[in-house]
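Take a look at this single chain, the form predicted alone, given in structure tokens.
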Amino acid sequence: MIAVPFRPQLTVRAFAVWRRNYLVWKKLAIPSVLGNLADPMIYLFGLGYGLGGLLPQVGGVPYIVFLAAGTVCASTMNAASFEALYSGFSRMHVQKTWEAIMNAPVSLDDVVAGELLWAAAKATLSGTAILAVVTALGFVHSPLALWALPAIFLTGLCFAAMGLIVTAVAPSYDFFMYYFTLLVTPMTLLSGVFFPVDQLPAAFQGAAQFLPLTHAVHLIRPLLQGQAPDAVWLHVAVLGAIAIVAFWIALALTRRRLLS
């Protein structure tokens, strides 16, 4: 007989896991938000004003305006990844928080789903904070930028799900360096965050189309510049599909790790 892939058994208890993580985070909310702002703002001002002063307009806008949208996307990706990896691993393996939660009538599926939603929420907060800063600095002029908010959440959901896959198989914190070195850093450089994808060699342009961050950038950057994105539903579909498939894989691996 052919084995039928399992179906996640999800309930509203996943939101109780989300709320538990929120209540813990709320105690350190201000340092957490400031920490999420510091690194992307350094890149934005350092490259935007420093390198941007040496460059002509990029895509018809000053380089710092071009970079601002990429910074929103990269910040969302990093926040989702760090939460799903380091914080998620701490709760799963080090602190045994997941096992403690499952002593209540909460299944592992709901725990993982709650972690996914929480990581996506934190990523949304980070991306929205950067968006608010660049708007206050005058780099965003169109109300279309409000449509970037659901796109930021979808981006966070996608990268949170991918991060949970790595968390499910990681033996220690050191393992996460492979993920950042081999995937996150190259993706940041190839996905149009710092320069247009069409500046890359043809082979790299083709590879970039398979990267989720590329679709996030193509979705969010036009909105911040007051334009409707091309192929909106393609980008939404790719990010949504990756989030669903990655969550399914993460849940399967987590079940095997904790329940077998």
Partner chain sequence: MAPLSVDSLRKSYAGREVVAGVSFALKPGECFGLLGPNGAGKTTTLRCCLGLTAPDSGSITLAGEPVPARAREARARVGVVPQFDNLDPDFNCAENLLVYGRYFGIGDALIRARIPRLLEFAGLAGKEKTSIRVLSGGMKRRLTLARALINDPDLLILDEPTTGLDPQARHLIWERLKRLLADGKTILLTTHFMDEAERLCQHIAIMDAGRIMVQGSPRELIAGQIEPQVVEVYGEDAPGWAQATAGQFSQRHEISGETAFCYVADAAPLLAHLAQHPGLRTLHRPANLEDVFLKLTGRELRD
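Residue numbers count along the first chain shown, from 1. Bear in mind the structure is a predicted one, so any value in this text is a computation, not a measurement.
Missing here is the form predicted together with the partner chain; even so, the following discussion is about that form.
- Considering the partner chain in the predicted bound form, the lone stretch of 165-173, 119-127, 152-160, 95-103 in range is 95-103 [heavy atom distance within 4.5 Å].
- Among residues of the shown chain, Val24 is one whose heavy atoms approach the partner chain to within 4.5 Å in the predicted bound form.
- In the predicted bound form, the partner chain sits within 4.5 Å of a heavy atom belonging to Ala16.
- Under a 4.5 angstroms non-hydrogen atom cutoff, the partner chain in the predicted bound form lacks Leu253 among its neighbouring residues.
- Residue contact check for Ser142: none of its heavy atoms lie within 4.5 Å of the partner chain in the predicted bound form.
- Across the proposed site, Asn36, Asn78 and Leu183 without exception lack any heavy atom within 4.5 Å of the partner chain in the predicted bound form.
- Residues of 234-260 that come within 4.5 Å of the partner chain in the predicted bound form, judged by any heavy atom, are Leu258, Leu259, Ser260 in sequence order.
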